[in-house]
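Only one chain is included here, represented as structure tokens and corresponding to the form predicted alone.
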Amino acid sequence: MAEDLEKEYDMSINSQLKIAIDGPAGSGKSTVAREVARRLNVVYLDTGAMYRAITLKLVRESCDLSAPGAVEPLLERTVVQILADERIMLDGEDVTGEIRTPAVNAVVSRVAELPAVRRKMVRQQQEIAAVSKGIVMEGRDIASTVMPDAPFKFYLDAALPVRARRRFLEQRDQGLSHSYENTIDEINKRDRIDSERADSPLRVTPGTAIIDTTSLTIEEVVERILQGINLQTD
């Protein structure tokens, strides 16, 4: 089925594809979005990595997150880039591995809810979407804020224990020491902050297709998204 869908899309169609994929931590959106972009031969953008890079900068600078006056000057001299091979560059430095460390995990939600940070990231993400001939962008506010006019919107979710298990295994594979119980607590906290923040909270927007990934494989989720796009473009 996936092969057939790939054949049906020519570059003229792909160049117009704007696909928004939102969801909480551990829902599988990064892996799914990356594969959907590969199948359709369009740009993939992990917006969460951008927030992590900003978080790393603020952690390194020991910035007081409760003081907007301290955050904004740092943002003005901070450059975040995501290269075609998905490496994350912070002020010209490759920080791809460092943005996934416990130090960043511990405060990324707090950083991501800062209005100044969100304004900077949303503006950059919209600029990327504007110049991309086709894009799959994933995060937590893509359909609601970054690409509200995207014709294809998906929201991935899964039961908390499943999401925690996925994140625990991911961190273990990265060599990070973290218990399953701590991972559940971390995700619970992240869910609460993401859903309750005043600036572009995590939510399902009208017209968004919801996919429960609890009992689905990555391939099955990818297939559902590709099929959804195909049905809407017929």
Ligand code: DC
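Being a predicted model, the structure only gives us computed values, none of them experimental. Position 1 is the first residue in the sequence shown; the rest follow in order.
Another form exists, predicted together with 2'-deoxycytidine-5'-monophosphate (DC); not displayed. Remarks below refer to it.
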Candidate spot L17, L40 and S132, all three touching 2'-deoxycytidine-5'-monophosphate (DC) in the model of the complex (heavy atom, 4.5 Å): no
Partner proximity in the model of the complex: A112 to 2'-deoxycytidine-5'-monophosphate (DC), non-hydrogen atom cutoff 4.5 Å: yes
Interface membership of V108, 2'-deoxycytidine-5'-monophosphate (DC) in the model of the complex, 4.5 Å heavy atom rule: yes
In the model of the complex, K120 touching 2'-deoxycytidine-5'-monophosphate (DC) (heavy atom, 4.5 Å): no
Distance check, T47 to 2'-deoxycytidine-5'-monophosphate (DC) in the model of the complex, heavy atom within 4.5 Å: yes
Residue (of R167, K57, H178, R34) lying close to 2'-deoxycytidine-5'-monophosphate (DC) in the model of the complex, criterion heavy atoms within 4.5 Å: R167
Per-stretch contact check against 2'-deoxycytidine-5'-monophosphate (DC) in the model of the complex, the hit in 100-108, 86-94, 156-164, 71-79 (non-hydrogen atom, 4.5 angstroms): 100-108
Sequence-ordered list of residues in 129-150 near 2'-deoxycytidine-5'-monophosphate (DC) in the model of the complex, where near means a heavy atom within 4.5 Å: G139, R140, D141, I142
